[in-house]
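Presented below, as structure tokens, is a lone chain in the form predicted alone.
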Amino acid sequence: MQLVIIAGGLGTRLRPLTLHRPKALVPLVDRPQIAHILDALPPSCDEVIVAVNYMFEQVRDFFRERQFGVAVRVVEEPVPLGTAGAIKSLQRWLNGPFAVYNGDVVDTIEFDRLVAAHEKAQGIATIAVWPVDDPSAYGVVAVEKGRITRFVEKPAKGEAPSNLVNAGRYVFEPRVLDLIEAGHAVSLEREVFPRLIEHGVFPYRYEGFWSDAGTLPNYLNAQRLLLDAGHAKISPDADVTAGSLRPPVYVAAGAYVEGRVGPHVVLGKACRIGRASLRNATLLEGVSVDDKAEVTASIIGAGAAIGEGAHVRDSILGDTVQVSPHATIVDERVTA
């Protein structure tokens, strides 16, 4: 079966990281986001089609240079046409029932089981769903007698029909494509799903974990889930002998640590951490953090430098940003 990965978004909620890289290639623990999806695919997935608009060349080149054990076709979407429009633009390459994954989700879904559930239900679509405490930021489904009967996109608090949200994993019959108008921006969630109900749309629930990674809090949650699930690692080429590590953490090759790091911290290649404190944070390649600095609940872009005694919390710093000694940055998005 073919898998379509929708990876065309601008990634505005992760800026400034996405000013220089597409969201699909933003590192998440030890791999670009999209690589986590391909790593989990079984042999029954015989082709992956990646639909890309923003920074198409970077995604194309990424897959030209790497092998994932499955054929990958990267298709440029010249004009953004929404989630459904992107799928419609791929119609010429689709040759039967097909799966669709959002590119900014990490989870434990099993591709074969999702497909088997769809084949058993014999509907036009199967949608993976996941329970959350607060569904107001998501697309929510109502389920009656084993079928999805209603979709509510981002309901007001207290007005959601259930706590089951659209998990961004689908299997569709080819005739779904006939319900999407070509050449126009079309939302899968708001426009297409409601049209499918009368044809039979079924939910699929699974065990494990789920998180999208499209905002700072959700990115850090996805990172926490992956670290807890076994992605924690300290490279033998890292020097952490002078530091204090609270697992789980990921420390890449060439990193040097003197300070307190963890839990749930990722250090990219060649990071240098003085006698500082880091918790629940991601530092991309080549970041330096000086003595007495604190970094919490933040993502720090490649080559950035945090000065002595500085405090960074709930923020995203772009590549090569320089934070002055003793500065305080809280809930900000900072570019160089």
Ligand code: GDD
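Predicted, not measured: the structure shown is a model, and the values here were computed from it. Just count from 1 along the sequence shown to find any residue number.
Missing here is the form predicted in complex with the named molecule; even so, the following discussion is about that form.
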| Is every one of L19, A281 and D331 within 4.5 Å of the named molecule in the predicted complex, counting heavy atoms? | no
| Of these, 256-264, 240-248, 142-150, 166-174, which stretch puts a heavy atom within 4.5 angstroms of the named molecule in the predicted complex? | 166-174
| Partner-contacting position among D228, E189, E119, E110 - heavy atom within 4.5 Å of the named molecule in the predicted complex | E189
| request: Could you check which residue among V201, A86, A222, V129 gets a heavy atom within 4.5 Å of the named molecule in the predicted complex? | output: A86
| message | Whether G82 contacts the named molecule in the predicted complex should be assessed with a 4.5 Å heavy atom distance threshold; does it? | response | yes
| said: My question is simply whether R13 lines the interface with the named molecule in the predicted complex - judged by any non-hydrogen atom within 4.5 Å. | reply: yes
| request: Using the partner position in the predicted complex, report whether V287 sits within 4.5 Å of the named molecule, counting heavy atoms only. | output: no
| query | Does A51 make contact with the named molecule in the predicted complex, using a 4.5 Å heavy atom cut-off? | reply | yes
| query | Which residues, if any, of 20-36 lie within 4.5 Å of the named molecule in the predicted complex when only heavy atoms count? | reply | K23
